[in-house]
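Taking the form predicted alone, here's one chain by itself in structure tokens.
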Amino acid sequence: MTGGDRETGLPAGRPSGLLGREVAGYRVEDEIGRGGMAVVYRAHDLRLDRTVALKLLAPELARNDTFRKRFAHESRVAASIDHPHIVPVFDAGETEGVLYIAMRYVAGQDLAALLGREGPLPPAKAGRIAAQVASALDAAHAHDLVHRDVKPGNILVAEGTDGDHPEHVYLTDFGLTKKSLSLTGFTTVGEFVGTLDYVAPEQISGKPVDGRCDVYGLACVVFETLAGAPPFRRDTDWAVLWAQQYDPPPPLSELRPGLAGAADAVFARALAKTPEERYGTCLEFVAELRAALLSGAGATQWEPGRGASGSSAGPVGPPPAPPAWARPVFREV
């Protein structure tokens, strides 16, 4: 999408030409992101008086009947998933020949921006983010939804609830259109839907995919949070494609001295070239990685309840007895 008319199917103009306009009951306020087949705006829901993220798909997608049917089905499935780390879908439909999705607007930044500002994350922080994304992906897989494009730009990091949960992570941009695109002729032979630095080998070769391609993508993301770069960073796109299909991942322990070498075997399995050799779920991968990092150097860094020095962040042992005034609400166990 390059021009205002192709972005929206509405009157032509600059990309900001929709600002202030009403689209499907939403008043467009600002553009917040764009990709090859969609533009995302911050918008105001005029019916329920709330801010939403409004995603408008390229008009040519609405003209494909197969795509429209799959879009409607997958939108319903995505909206039915009630998970704290998946951006909720509020509404989906068509207006003036344009398909749209309205989702919760998350105030914060994506993981790509966070990594750009902070560089490699402390293992404890990387672990908290990884566990939340893994939980979201496994929940989607339980509903037969495969994300297909797990990357830092699709992971939103908002402010958490307290010191024990300093971040609340949302996974966004599920494969509502990705799977449909691959089935309706919008991707040609030799093309795939995904992002080069995080795409699984089977996606590159055009083979059928399942949740294990998201295990691969998540492993690339978690590797980047710890090492500062994805595992297969190369000088050209072709070199990245080759590396994703044939090169073993570099040892994390060499790129991030101080982390346990046992993590290298975990990443080797999560980034295996064939799905059958990977972990069966994303949470299994994250649990194995945590155990590996806790097994040696870097253990106290990964454990959320400890600081970098290894000192406990809270009391050790059983909790103290409740004060006298609180005892009536406790019972003996």
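Counting begins at 1, following the sequence as shown. Here, rigid core means the biggest group of C-alpha atoms that superpose within 1.5 Å across both forms. Keep in mind it's a predicted model, so treat the numbers as computed, not measured.
Another form exists, predicted together with a small molecule; not displayed. Remarks below refer to it.
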Next on the checklist: Please tell me whether the candidate spot formed by 34, 38 and 173 is one where all three residues come within 4.5 Å of the small molecule in the predicted bound form (heavy atoms).
Outcome noted: yes
Does residue 87 reach the small molecule in the predicted bound form if we count a contact as any heavy atom within 4.5 Å? yes
- Item | Touches the small molecule in the predicted bound form: residue 148 (any heavy atom, 4.5 Å) | no
- Considering only heavy atoms, tell me if residue 234 and the small molecule come within 4.5 Å of each other in the predicted bound form. no
Just checking whether residue 218 would be counted as a contact of the small molecule in the predicted bound form - the rule being heavy atoms within 4.5 angstroms.
no
Heavy atom within 4.5 Å of the small molecule in the predicted bound form, from candidates 292, 58, 272, 53, belongs to 53
Checked 253, 154, 75, 135 for heavy atoms within 4.5 Å of the small molecule in the predicted bound form; positive is 154
Here the chain appears without its partner; judged in the predicted bound form, the stretch of 105 to 113, 159 to 167, 206 to 214, 119 to 127 with heavy atoms within 4.5 Å of the small molecule is 105 to 113
With both forms fitted on the core, check whether the Cα of residue 46 differs by 2 Å or more between the shown form and the other one. no
